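Listed next as structure tokens is one chain, alone, in the form predicted alone.
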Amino acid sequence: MAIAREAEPVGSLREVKQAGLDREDLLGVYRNMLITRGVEERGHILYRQGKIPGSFYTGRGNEAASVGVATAMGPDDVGTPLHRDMGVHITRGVEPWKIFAQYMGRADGPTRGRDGNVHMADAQLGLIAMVSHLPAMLPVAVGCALAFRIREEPRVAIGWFGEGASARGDTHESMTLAGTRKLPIVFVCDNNQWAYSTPTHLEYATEHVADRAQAYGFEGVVVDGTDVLAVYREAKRAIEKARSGGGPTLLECLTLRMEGHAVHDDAFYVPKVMFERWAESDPIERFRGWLRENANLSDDEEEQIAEEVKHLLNEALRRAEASPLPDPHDLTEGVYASPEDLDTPHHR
């Protein structure tokens, strides 16, 4: 039996305006979703061309969840997005050419060629780079929230994790501390239904991951992760609740990983009918249809946005490929904090 609140889909344009988005905002959300998918599609091409070292991970099917949450964040909020959350980087303002440079290990990438191709973040935009042990970022997000509380700053931390990572102790410890102290944090679970090849019914015994929130002393909410407006509405509520002293929320975004765990995985273990059913709820196609029906998106507008995104990404690729490889003599620069770094916080 479900315990968490199950969010309703967003209906009319009026409801969206009440949530703080006007028509231009909606078109911006649509554009960010297109850029997010376009970046990762071109990443696949770069990988097949042998230009991306290591493996390669994407979040196809997760565009609505990542863009929706990031759109709800305030300018001074911070977050710890993971490898399925490219839309967070795009929405917060990371330029696509720098992402392509990161993919290829170039000097102009966010980590200047010093970390894995998806281990990226721009601290100036309030983002903290992930590590491979995915729930290990939740204690970091909780630490940020605790700092905001101590400093009495009206800021919120957002911590992302997958439903598979919810089985680790880092998750339990983070939510225990956050719930006990009523910290200003929102936990976002990207539930794409497969922890690599393990289905959800073998991952946890509750109906939803968000059902666990009650035991930690805060609210759990389940939302359709392919509905960008519903994700935005619930994320906005949770963030403002945390900002006003109401404590954490566990927001579970139900999606499907529409590709394998990474490029080396053909996802043979996922039933074909499952892919087919979820493809009918493709987040970009779903939002495009909503815009046409509720916000008068015209053929000309749609074509113009698509052309703008195509041009942006083509230019981004060109610029990234012109970026130099890192100089081996500078290998340790930026790896360890200097006294000057510690005196000047990376983010306000």
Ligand SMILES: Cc1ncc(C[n+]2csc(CCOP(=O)(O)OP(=O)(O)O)c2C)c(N)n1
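Note that residue numbering begins at 1 and tracks the sequence as displayed. Note that the coordinates shown come from a computational prediction; the quantities given were computed from them, not determined experimentally.
The next section is about a form of this same protein that is not shown, the form predicted in complex with the ligand.
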Checklist entry - Since exactly one of P96, G164, G113, G247 fits, which has a heavy atom within 4.5 Å of the ligand in the predicted bound form? => result G164
Checklist entry - Just one of R149, H172, H261, R237 has a heavy atom within 4.5 angstroms of the ligand in the predicted bound form, so which one? => result H261
Item to check | Residues M73, F187 and R233 all lining the ligand in the predicted bound form, heavy atom within 4.5 Å | outcome: no
Checklist entry - Hey, in the predicted bound form, is R106 touching the ligand, heavy atoms inside 4.5 Å? => result no
Item to check | Contact of Y216 with the ligand in the predicted bound form (heavy atom, 4.5 Å) | outcome: no
Checklist entry - With the partner left out of view, is N192 within 4.5 angstroms of the ligand in the predicted bound form by any non-hydrogen atom? => result yes
Next on the checklist: When the contact criterion is heavy atoms within 4.5 Å, does H133 count as touching the ligand in the predicted bound form?
Outcome noted: yes
Item to check | Among 136-144, 79-87, 98-106, 238-246, the region lying within 4.5 Å of the ligand in the predicted bound form by heavy atom distance | outcome: 79-87
